[in-house]
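Just the one chain here, the form predicted alone, laid out as structure tokens.
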Amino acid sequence: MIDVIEPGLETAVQDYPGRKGQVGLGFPPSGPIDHWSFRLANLLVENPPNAAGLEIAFTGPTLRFGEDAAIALTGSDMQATLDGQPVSVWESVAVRAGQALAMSYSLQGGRAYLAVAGGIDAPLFLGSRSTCVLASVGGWEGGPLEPGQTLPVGAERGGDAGRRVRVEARPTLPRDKTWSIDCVRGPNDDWIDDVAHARWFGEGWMISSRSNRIGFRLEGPDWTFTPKARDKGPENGDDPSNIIDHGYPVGGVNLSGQTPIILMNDGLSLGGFINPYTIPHSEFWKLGQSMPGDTYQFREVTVGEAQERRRAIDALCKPDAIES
């Protein structure tokens, strides 16, 4: 068992790949935003790929372990200590019963991931243990961790201390807070004119503090539209960015008036705004590690190129990424 002493800013149970196939019932996939780091954490403690762990945003929790365990931290370095002694990131660590893991603020990156050998034994909801805060389902009691909660750990324990992720298998974070993000056009790119397309791919877009796992709001130049965005039937709505309600892709850039919002893991699945672009799954680890105030520079790629990048990340999330 793991006791929650302090929960951190936003710490929640997630699993990979999340709650797939339930959009028709109104539930987004949820799961870890930086799926790359999350999967490597499970590999370090020899968990199955779908074992549940913790996603920790910006400022970390303090947790006390009720029994001996093997743990691993990946992603952002949040200055973790175990009974006051520094804990390495990207390495499996032995924890003794009664010890406390304390995490502070992020030195670089936005989210850390904690895997425990055996996994967090949260109840399944529609086939996943992932937390969906918007719907208050999944995870542990349907939301981020709270003080006084106790998390059970699965009975199947494995993992040895001293296992490390090879440097070449780890994500690399930029030092200048500027991220190059691959982006594909569509499904509604024909509602945006050439000038706006040039701005999207040519200028920087800052992540707003009004961002969360539902959507990342971006701040940047104004948008301009093609004639079809104005010469349309009344059922499409008054604003040029309005369209008759349709399905939204995960990663869709949802244009709400003049504000682009990247639809994240807990995002809405349909609505009445256009989505001129889509951020592919291969880039979500970058979104997960970016912070408000960081800048995105978007790079146009084809669907095929995005799929190739996704396969390259999947190939790095294999047992040979770990060394003893």
Partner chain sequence: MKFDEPRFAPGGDQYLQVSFGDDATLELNFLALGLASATRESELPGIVDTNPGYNSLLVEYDADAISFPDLERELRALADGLGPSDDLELQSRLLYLPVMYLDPWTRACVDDYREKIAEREYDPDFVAQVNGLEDVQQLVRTHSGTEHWAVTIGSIPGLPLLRPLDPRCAIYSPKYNPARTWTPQGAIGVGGPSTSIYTVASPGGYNIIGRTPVLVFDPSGRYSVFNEGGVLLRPADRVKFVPIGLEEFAYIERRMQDGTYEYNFVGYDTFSVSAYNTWVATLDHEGRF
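Residue numbers count along the first chain shown, from 1. Just so it is clear, the model here is predicted, and its values are computed rather than measured.
Unshown form predicted together with its partner chain; subsequent notes refer to it.
Colleague: Do heavy atoms from each of C132, P187 and E235 fall within 4.5 Å of its partner chain in the predicted bound form?
Modeller: Yes: C132, P187 and E235 each sit within 4.5 Å of its partner chain in the predicted bound form.
Colleague: A97 near its partner chain in the predicted bound form, any heavy atom under 4.5 Å?
Modeller: Close contact is absent here: in the predicted bound form, A97 is far from its partner chain, nothing within 4.5 Å, heavy atoms only.
Colleague: Give a yes/no on whether H246 approaches its partner chain to within 4.5 Å in the predicted bound form, heavy atoms considered.
Modeller: Taking the distances in the predicted bound form, the answer for H246 is yes, it comes within 4.5 Å of its partner chain.
Colleague: Consider V23 of the chain shown here, and say whether it contacts its partner chain in the predicted bound form, taking contact as heavy atoms within 4.5 Å.
Modeller: Close contact exists here: in the predicted bound form, V23 approaches its partner chain to within 4.5 Å, heavy atoms only.
Colleague: Taking the shortest heavy atom distance, is F201 within 4.5 Å of its partner chain in the predicted bound form?
Modeller: Judged by the heavy-atom cut-off of 4.5 Å, F201 is well away from its partner chain in the predicted bound form.
Colleague: Picking from 178 to 186, 162 to 170, 147 to 155, 205 to 213, which part of the chain touches its partner chain in the predicted bound form when contact means heavy atoms within 4.5 Å?
Modeller: Of the options, only 178 to 186 has residues within 4.5 Å of the partner.
Colleague: Identify, from the list A80, A229, I120, V250, the residue with a heavy atom within 4.5 Å of its partner chain in the predicted bound form.
Modeller: It is V250 that has a heavy atom within 4.5 Å of the partner.
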